[in-house]
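One chain comes next, on its own, written as structure tokens: the form predicted on its own.
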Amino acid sequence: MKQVEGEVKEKKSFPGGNFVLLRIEGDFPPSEPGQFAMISPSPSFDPFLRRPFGILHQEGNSLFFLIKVVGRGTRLLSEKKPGDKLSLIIPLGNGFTLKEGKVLLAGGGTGIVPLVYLASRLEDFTLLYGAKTRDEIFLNEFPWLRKRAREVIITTEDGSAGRKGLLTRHIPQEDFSCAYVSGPWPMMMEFARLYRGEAEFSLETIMGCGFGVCYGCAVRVRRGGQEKIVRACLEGPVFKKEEVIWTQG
């Protein structure tokens, strides 16, 4: 974990105005797929808390992030321009466990982010990518991803691209050595219910600090036959399917 100042080198906005792709350059330590960064939206500490973002890709001294605008902090980040400086704490959390053989990547919405990075380390994978509408499909930004995949299955809830319906209605009926899953909690819970094989899930939770101090990202898991409360930012955000207690009340 290291605090690094980076510089925005490229920015791309997408239709609808809710998503921005940033390429940030800096002296970043190496990261692993599934890890994340905490980024400060403003040098004035207003807002005070950093925002967590999964690492979309790391290439040389560049990091790529997909920003979805959901509040003031992400709005400020979406308004950054090339040349602007950003403070990042990176890398944080634990990444995916790479398995040999044919694997499945299943990403819903912005859950595609850690899976793009993971795909760069894999040789044989099928990609299942679900979104609400075609404007939230970002595969064209990474043409190498489609070329590397054994198969790419796109689903949209409104049917504007690929297959119509929820991602969990289109899980391939094949044998995979592992499935790697990320997305909204209800989608991952349903995937865990339907999928019988080995799987790892990157949990999307609220994070305040990113390194285990605030306990804002606490989740209930089952380990050693007992229920435990762990911090997704420190013990996760990647967990095995059999560990996660999906009813978190």
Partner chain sequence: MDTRIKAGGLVLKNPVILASGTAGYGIELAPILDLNRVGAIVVKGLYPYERQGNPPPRLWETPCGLLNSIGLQGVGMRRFAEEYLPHLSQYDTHIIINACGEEDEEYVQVVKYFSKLPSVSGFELNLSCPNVREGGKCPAMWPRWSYEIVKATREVTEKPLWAKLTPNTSSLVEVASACQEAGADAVSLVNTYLAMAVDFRTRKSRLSTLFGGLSGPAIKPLALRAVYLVASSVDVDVVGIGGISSGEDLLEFLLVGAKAVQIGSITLREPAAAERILKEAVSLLEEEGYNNFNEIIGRFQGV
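Positions refer to the first chain, counted from 1. On a predicted model such as this, the values are computed, not experimentally measured, just so you know.
Heads up, the form predicted in complex with its partner chain isn't pictured, but that's what we're talking about next.
In terms of contact with its partner chain in the predicted bound form, the residue from P184, G216, G197, G26 that brings a heavy atom within 4.5 Å is G216.
Taking non-hydrogen atoms only, K240 never approaches its partner chain to within 4.5 angstroms in the predicted bound form. At the 4.5 Å threshold, heavy atoms of C209 reach its partner chain in the predicted bound form. Looking at H57, you'd find every heavy atom of it more than 4.5 angstroms from its partner chain in the predicted bound form. Heavy atoms of I89 reach within 4.5 Å of its partner chain in the predicted bound form, making it an interface residue. In short, of 57-65, 187-195, 27-35, 216-224 it is 216-224 that has heavy atoms within 4.5 Å of its partner chain in the predicted bound form.
Contacts between 26-57 and its partner chain, taken as any heavy atom within 4.5 Å in the predicted bound form, involve S40, S42, P43, S44, F45, D46, P47, F48, L49, R50, R51.
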